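Below you'll find only one chain, the form predicted alone, shown as structure tokens.
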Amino acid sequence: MKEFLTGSLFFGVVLTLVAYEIGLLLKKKFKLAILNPLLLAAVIIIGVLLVLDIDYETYSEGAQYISYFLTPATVSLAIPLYRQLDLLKKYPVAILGSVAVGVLTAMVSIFLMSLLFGLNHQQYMTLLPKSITTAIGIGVSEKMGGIVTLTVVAISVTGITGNIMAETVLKWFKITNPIAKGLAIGTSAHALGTTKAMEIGEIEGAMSSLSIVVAGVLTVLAVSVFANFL
């Protein structure tokens, strides 16, 4: 059984898609925020690999094909933004300023936590791109000498947490404006958060999509500066 699965080129792809589909079904059935499909898929995949004693590299050989769709999927987020382009033209300073503050907050918080926990430069650079989409974060981490695989984990954890906690946090701080909701979610939780923003509303989804692009560009610029701090 193990030899049959590991010998298949598409084992990783099939396992990933099946695990995610199970996650979607559980989320739809129980409607609990904690039952995030991506989180459930990760747990299922890890469980299968452990039970069948299959190493990650074997799984990754097939699963890597899914990553080819990452960039076009990110680009497609421009569609809801285009539909709400008038909002960007109407509030350019407020929107761009909000994203800039969010990026700065992420950078400063990572710097302070790195000092607090005694992280070295490589670990620090690994975590700096945690709040931007994977397509951009991988490139930033690789270019700046971070540990790319751990950067992907940090980005995934950030996105899943944002997806799960978004509505709760918005209620805690009494944020009701749809533009503010979208900007907050997209800047802090990138594409995974944007899926939640789209569930909340079209304006929220459009603003969250915009945040991903702007936050990505600003983070690339900010990382080159913050890299010298530790």
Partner chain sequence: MKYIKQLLIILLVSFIAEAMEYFIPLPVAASVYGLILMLLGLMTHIIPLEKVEGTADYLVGIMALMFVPPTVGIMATVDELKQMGVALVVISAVTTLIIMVVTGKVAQFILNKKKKSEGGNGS
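This structure is a prediction, so every number in the text was calculated from the model and none was measured. Numbering follows the first chain given and starts at 1.
Quick note: we don't show the form predicted in complex with its partner chain, though the next part is all about it.
In the model of the complex, at least one heavy atom of Lys174 sits within 4.5 Å of a heavy atom of its partner chain.
By the criterion of a heavy atom within 4.5 Å, Phe11 is excluded from the residues contacting its partner chain in the model of the complex. Although the partner is absent from this view, Leu26 stays clear of its partner chain in the model of the complex, with no non-hydrogen atom inside 4.5 angstroms.
Contact check for Leu50: a non-hydrogen atom falls within 4.5 Å of its partner chain in the model of the complex.
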